[in-house]
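Let's start with one chain on its own, the form predicted alone, as C-alpha cells.
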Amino acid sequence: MRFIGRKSELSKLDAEYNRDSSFVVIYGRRRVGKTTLIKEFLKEKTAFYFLATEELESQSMKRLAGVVARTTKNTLLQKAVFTDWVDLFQVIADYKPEEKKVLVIDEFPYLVKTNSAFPSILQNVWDEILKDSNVMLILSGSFISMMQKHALSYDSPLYGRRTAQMRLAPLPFTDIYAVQKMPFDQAVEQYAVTGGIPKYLEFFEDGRPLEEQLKDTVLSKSGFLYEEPNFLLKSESVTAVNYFSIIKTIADGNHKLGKIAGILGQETSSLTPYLSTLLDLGFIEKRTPITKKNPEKSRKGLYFIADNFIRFWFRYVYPYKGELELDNMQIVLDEMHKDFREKFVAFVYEDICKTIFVELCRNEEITFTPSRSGSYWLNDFDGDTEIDVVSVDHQNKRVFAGECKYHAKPVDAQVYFALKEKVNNATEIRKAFPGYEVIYGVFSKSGFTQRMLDIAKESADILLVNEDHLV
C-alpha cells in the first residue's frame, strides 16, 4: 500500500533531524501506521532500525548487534557477544561520527517488560553517549499506557530528555479520499468502517463492494478483523468485562453518563475510573458543546466511541458472535440493511464534514481561521437544538454553523432555513460569542436543488459543500 498523508508528522521529524540533538517519542494504538511513518522518514538516511519483541534480553542484544553489523557492514559484530547495552550503543555512536544517524527502537515497551531497568539504562546512554554523538533517537510503541508511563511521565527516568513527541492519530478522510479511485459515497461508507486506520485499508480494495469485503475481513471467523477489538483491548491489559460493557452501551447510542450507568445498573461514580482509562487509551472520547469554555469540566459532556471500526464492530458484530461462529453472516447483513447508511454512516459523515471544513479553510478556499471546531446541542442529543458542525474564528469574530445531510436526494433550501432558525434560537451561542458574524454551511453528498443553489448565489452568508468541494 502506498504511503498516504502524514505531511505534518514528516515535517516535524525532519525539523528534529536537523537539530543538533533530538529525542522523539512516537506512540499510538496498533495499526495506526507508526512503523510505516518511521520507515518513510528513514529513506535516504543512515539509520539503525530495531524492532523489539517479547524475547530474552540477551536475544534482543544479539538482534540489535545484527542490525548494527548490517548497517555498518562490520561482519565481526555478527559474531560478537554483548552483555551490556551501553557497549552496543557506543558502537552506534562511534560509527561515522561526522554523519547524522537515526536510531529507532520500535515497540520500546517490550524491552521494558523484559528488563524494568531499561528506561534507566537508556537515560544513562542518552545523557553520556548518544546526546552529543550526532544521533537522533526515536522511541516508538503501541502500548499507550506503557509509553506514557515509561517514556513520557514525570516518574520515568527518561522524563525531560525528549525534544518532541507525537501521538499518531488515524488518517483523516480527506487524505485517504485524495488517493482513492471510488465515488464519494463509497469512500465515506468504507471510512465509516475502517476509520482511517492504515492497516485496515490494506484489506479493502477500491471498486469492490463493501459488503463482500466485510464478509471476508470482518464477518468471517478467519477474517483479519474478526477479533480485532479483543486484541486491541487485551494489548492494553483492558480485559475486565466492565470495559466491554461500557463500550457496547455507548455503541448502542447511549452517550450520557447517567444513561450509561443506568443501563449497566451502576452508580456514575463507579464508572468514572473505567471511562478515564478508556479515554486515556483513545477508545472513547468525551464531546462537549462548543459553547463551553472549559470542556474538560463541563457536565454536559457526551461519550462516544472514538474509533470507527470499534464502533462498527460493537454495533454489528459483537451482538451476533454466536450466529457468526455458526457461519451465519446473513443476520449481520440484514441488520446493516436496516440502518447502516441512514444512521451509522450518516453519523460518521458529520465527522467527515468537520474534517472537510477544516481542510477547505487550510487551503484558503474558505476565508475562515478555525480556533476550535466541534458541534452544538442543547442539553443532549434528545434536546431541541442540534447543530452538526460549529467552528469558531476568534481572530475575525466569526462563527460557522453547518448542517450535514447524507441523503440520496439533493438537499433543498428548507435545510438552510431550519439551520438559521436553530442558530437564531440558540441563546447559548449568542452569549458565548457576542457580536460574532454567523456563516452558514450545508454539506451534501448528493448535491442541491436549484432553489438552494439560487439562494446561495444571492446570499453572502451561506456556503454549500457538495461531497468534498465548495459549490
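Residues carry their position along the shown sequence, with the first being 1. What you see is a predicted model; the values in this text were computed from it and never measured.
Beyond the structure shown, there is the form predicted together with a small molecule, which is absent from this document and is the topic of what follows.
Note on the interface: of 153-161, 339-347, 191-199, 269-277, the segment with non-hydrogen atoms within 4.5 angstroms of the small molecule in the model of the complex is 191-199.
Though the partner is left out of this view, residue 32 does reach within 4.5 Å of the small molecule in the model of the complex, counting heavy atoms only. Among residues of the shown chain, residue 107 is one whose heavy atoms approach the small molecule to within 4.5 Å in the model of the complex. Though the partner is left out of this view, residue 46 does not reach within 4.5 Å of the small molecule in the model of the complex, counting heavy atoms only. By the criterion of a heavy atom within 4.5 Å, residue 171 is counted among the residues contacting the small molecule in the model of the complex. Only one of the listed residues (217, 291, 308, 142) places a non-hydrogen atom within 4.5 angstroms of the small molecule in the model of the complex, and that residue is 142.
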